[in-house]
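The chain below stands alone, shown as structure tokens; this is the form predicted alone.
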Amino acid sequence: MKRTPLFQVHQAAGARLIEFAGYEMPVQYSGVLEEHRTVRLKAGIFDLSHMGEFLFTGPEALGALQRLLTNDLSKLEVGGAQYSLLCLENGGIVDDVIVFRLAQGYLMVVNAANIAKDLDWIKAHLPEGVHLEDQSEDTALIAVQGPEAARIVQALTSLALDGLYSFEAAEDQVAGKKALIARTGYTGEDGFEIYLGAADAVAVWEALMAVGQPLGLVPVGLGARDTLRLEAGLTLYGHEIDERTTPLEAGLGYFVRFEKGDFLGKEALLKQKAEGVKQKLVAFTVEGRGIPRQGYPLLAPDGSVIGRVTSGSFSPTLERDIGMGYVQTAFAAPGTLIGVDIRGKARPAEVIKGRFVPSRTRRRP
């Protein structure tokens, strides 16, 4: 297994390590519930150095990415970031990504499990005039998330973070190390993701911990990262989205800009939009106790199978079991009563509108 530059830091902190996307990663430190609640109330620090980073430069970079991605990159100014999707010709999702417009080009951040696949897919569709550099191995990524995140990061940078809003980024220094500071995250909380050279990761992590611990900062593993993103209603590749699902089915139609011109998957998605999707991704709460695990059947009131669970967990914030999954479109409206087959027993559930907890990201007025 691969290891991030922060592996020894996790070992020293007593983290429980597991295999994830080919990396040996911390799943928890003090415990998932405690880490989750600390992020919601104070702040957590995450090692995301297993993620992939591709830099696109050259005169044809924008045009090439416009054809590869569903969102409209032409709307980005330098320092802007955008959520987008790579799609197959049939509309299936290759990956979901974040793209930053930098002074030198475009930085695409991809899911760790998809680095090799995405690289092959992109190269197969990249025209001449675009230089693609895989910077994944040389880049570390540290996230600080939670109500105290801005206070912690501001103590280590001269960049005025008050001028940075959600999905905006700037190149500066953190703890004296060159970094790209992005107001992005995967928790539903305000926070930052800090991209820096792999060799600088330990120094920056330790500086953040030194400043942050008096404010309640704790290291957070993959376990709490997953429960945090689930409460925030955020999709996860390999669960809510994959090559068998489309952005329209997953409720990500906002990030598909049909008006921008041609892009991979456009024709299939236009056809699906015109005909209507047959399944939709929904969020739901479960009555009583019983965690809906990935793959469990979702049921109509008469007991017939209408879909499947994609993610489920106990919600530390709501103190009840929650989940996401695909159902037939007729059962997707908020307030619809459905069931979950949990180990052979049907548990009552209700489809909800939107996310489980309100977003606290800092949107530009």
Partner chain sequence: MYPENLKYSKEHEWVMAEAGNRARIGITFFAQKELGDVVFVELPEEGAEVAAGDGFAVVESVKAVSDIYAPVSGRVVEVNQALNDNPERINEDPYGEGWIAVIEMTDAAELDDLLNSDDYAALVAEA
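Just so you know, these numbers come straight off a predicted model, no measurement behind them. Positions refer to the first chain, counted from 1.
Keep in mind the form predicted together with its partner chain is missing from the figure; the text below concerns it.
Its partner chain in the predicted complex is approached by Leu33, whose closest heavy atom lies within 4.5 angstroms of it. Its partner chain is not shown here, but in the predicted complex it comes within 4.5 Å of a heavy atom of Arg16.
For the chain shown alone, Gln145 is not a contact residue for its partner chain in the predicted complex, no non-hydrogen atom being within 4.5 angstroms. Heavy atoms of Gly290 reach within 4.5 Å of its partner chain in the predicted complex, making it an interface residue. You can rule out all but one of 290-298, 137-145, 164-172, 70-78: in the predicted complex, only 290-298 has residues with a heavy atom within 4.5 Å of its partner chain. Put simply, of Ser313, Gln328, Thr336, Gln66 only one has a heavy atom within 4.5 Å of its partner chain in the predicted complex, and it is Ser313. Along 338-356, a non-hydrogen atom within 4.5 Å of its partner chain in the predicted complex is carried by Arg343, Lys345, Arg347, in order along the sequence.
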